[in-house]
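Heads up, the chain below is alone and in the form predicted on its own; it's given as structure tokens.
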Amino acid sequence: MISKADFIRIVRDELALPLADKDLDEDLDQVVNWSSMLLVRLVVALEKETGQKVQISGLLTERTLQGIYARAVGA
């Protein structure tokens, strides 16, 4: 399991998004430059970081990065 701080680091480093802690609860429509391709890149980065498969289908309905974090890492 990765920490929330590690998740934020991955989003910042791998997706080059200027994410602040408070942005985790923002609707994805409010996240600068968010797109479904970023979700795919995030899943790949999380799989690389954790060494575990992340089911992208379970993340498609999430509306916040906090929700993606919770589902992806089981937090």
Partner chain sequence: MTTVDQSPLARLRELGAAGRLTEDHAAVAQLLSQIASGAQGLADLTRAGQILARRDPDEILRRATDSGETVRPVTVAVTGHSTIEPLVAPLTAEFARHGYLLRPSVGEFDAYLRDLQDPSSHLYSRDTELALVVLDPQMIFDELPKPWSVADVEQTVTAKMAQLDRLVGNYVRHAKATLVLNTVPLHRIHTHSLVDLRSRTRLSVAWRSFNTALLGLSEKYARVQVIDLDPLIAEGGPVHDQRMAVYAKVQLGDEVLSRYAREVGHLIRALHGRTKKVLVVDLDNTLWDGILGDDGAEGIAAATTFRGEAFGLFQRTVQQLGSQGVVLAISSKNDREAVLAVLRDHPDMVLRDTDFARINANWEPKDTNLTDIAARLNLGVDSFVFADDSSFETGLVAMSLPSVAVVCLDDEPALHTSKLLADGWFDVLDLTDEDRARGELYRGEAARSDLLAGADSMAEYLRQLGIRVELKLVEQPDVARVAQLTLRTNQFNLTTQRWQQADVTDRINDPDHLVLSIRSADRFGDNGVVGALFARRDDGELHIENMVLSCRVFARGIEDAVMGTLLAYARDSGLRAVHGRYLPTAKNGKVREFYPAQGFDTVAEGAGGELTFRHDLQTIPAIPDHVRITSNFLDRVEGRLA
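Since we're looking at a predicted model, the values are computed, not measured. Positions refer to the first chain, counted from 1.
Missing here is the form predicted together with the partner chain; even so, the following discussion is about that form.
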The partner chain contact at K22 in the model of the complex, heavy atom, 4.5 Å: no
Indicate whether P18 is a 4.5 Å heavy atom neighbour of the partner chain in the model of the complex. yes
Would you check, heavy atoms only and a 4.5 Å threshold, whether V43 touches the partner chain in the model of the complex? yes
Quick one: is S57 in contact with the partner chain in the model of the complex, heavy atoms, 4.5 Å cut-off? yes
Non-hydrogen atom within 4.5 angstroms of the partner chain in the model of the complex for each of D13, M37 and K53: yes
